[in-house]
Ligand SMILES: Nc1ncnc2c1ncn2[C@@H]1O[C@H](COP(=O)(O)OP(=O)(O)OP(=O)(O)O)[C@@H](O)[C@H]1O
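The chain below stands alone and is given as structure tokens, in the form predicted on its own.
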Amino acid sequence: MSTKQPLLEIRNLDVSFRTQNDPLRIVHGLSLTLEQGETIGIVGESGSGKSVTSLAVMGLLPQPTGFISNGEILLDGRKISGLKEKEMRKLRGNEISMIFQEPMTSLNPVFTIGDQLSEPLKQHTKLSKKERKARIIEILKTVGIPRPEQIIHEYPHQLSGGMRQRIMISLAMLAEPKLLIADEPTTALDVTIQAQILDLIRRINKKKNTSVMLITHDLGVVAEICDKVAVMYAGEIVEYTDVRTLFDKPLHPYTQGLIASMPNMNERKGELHSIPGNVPRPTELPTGCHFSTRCTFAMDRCHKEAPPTISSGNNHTVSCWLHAIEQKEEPLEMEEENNVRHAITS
């Protein structure tokens, strides 16, 4: 039995935001682990809590509004949740880096690319000015930037969206961090550039043994580069397993809906499947299972009690009453049980 320490461990994490009344909980009891060199996808619709989770790991929750109200985050066995900003600043860019969703708003428009790439090297290394320039040109070549010697003297607005995203990746990888968080890294890019960016992240993962946490709403992206996946809904992980198992045997009705919504080139459909309704606001979460108001399999119990987290073996967990019933946690009326079994197997 391996006793190897996970690179990243999140234990029972709650993230809340202060309001005029009581604090509002956005992320509920989230737990996951990420091994060195592994890639995990955090999947869900907008409003699921994916980006808030990544900001909590980075120590970048908006202050003083956002805070971790329960649980802990460990990096290499060291608790990093609750560290002072000065200590987190040493970790960011050095051990943990993040590729943000929109590079145009993340890059400073009044500084050249070279100046912006120099800054983290000044903070985290003792390289000379000449050595910093050589390192920057090297990393720009690694991420596929043409004519890097000229690019370092240009400004963000002079580059295309795909080029800016490559600059963001090079910025994140300058200090060769152990953990790379990518928040919707292919949003607003055309399909060809998306494929190039995903291939770049995959190559960084393999070549540097960098662990990657990929935040996305696109299961196609997850299938392309991830080892395992956590499906989030309304601030909770509703299903957690490896990627192959998720696509071969999705258990949660929400996961099934997401997969059914994916276009299939081998199958002509009149209309794409969609999940009815929207992710509820944090102030309007339904009682019981948060997905119950959109679920076609919902029973009375789903509207009253939060479902337990059930293990189906092989590190596959799901939070759903359908599977709690399947494992015979508690007896049901015969007619209701037959209906549920039909739902599970259909």
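Start at 1 with the first residue shown and count on from there. Since the model is a prediction, treat every value here as computed from it, not as a measurement.
Although it is not shown, the form predicted in complex with the named molecule is what the next lines describe.
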Fill in: Residues Ile26, Lys50 and Gln101 all lining the named molecule in the predicted bound form, heavy atom within 4.5 Å
yes
Worksheet item: Where, among 28 to 36, 314 to 322, 291 to 299, 50 to 58, do residues come within 4.5 Å of the named molecule in the predicted bound form by heavy atom distance?
Response: 50 to 58
Worksheet item: Do Glu184 and the named molecule share at least one heavy atom pair within 4.5 Å in the predicted bound form?
Response: yes
Discussion item. Whether Glu305 contacts the named molecule in the predicted bound form should be assessed with a 4.5 Å heavy atom distance threshold; does it?
Written reply: no
Worksheet item: Using 4.5 Å between non-hydrogen atoms, is Pro286 touching the named molecule in the predicted bound form?
Response: no
Worksheet item: Any chance Asn278 has a heavy atom within 4.5 Å of the named molecule in the predicted bound form?
Response: no
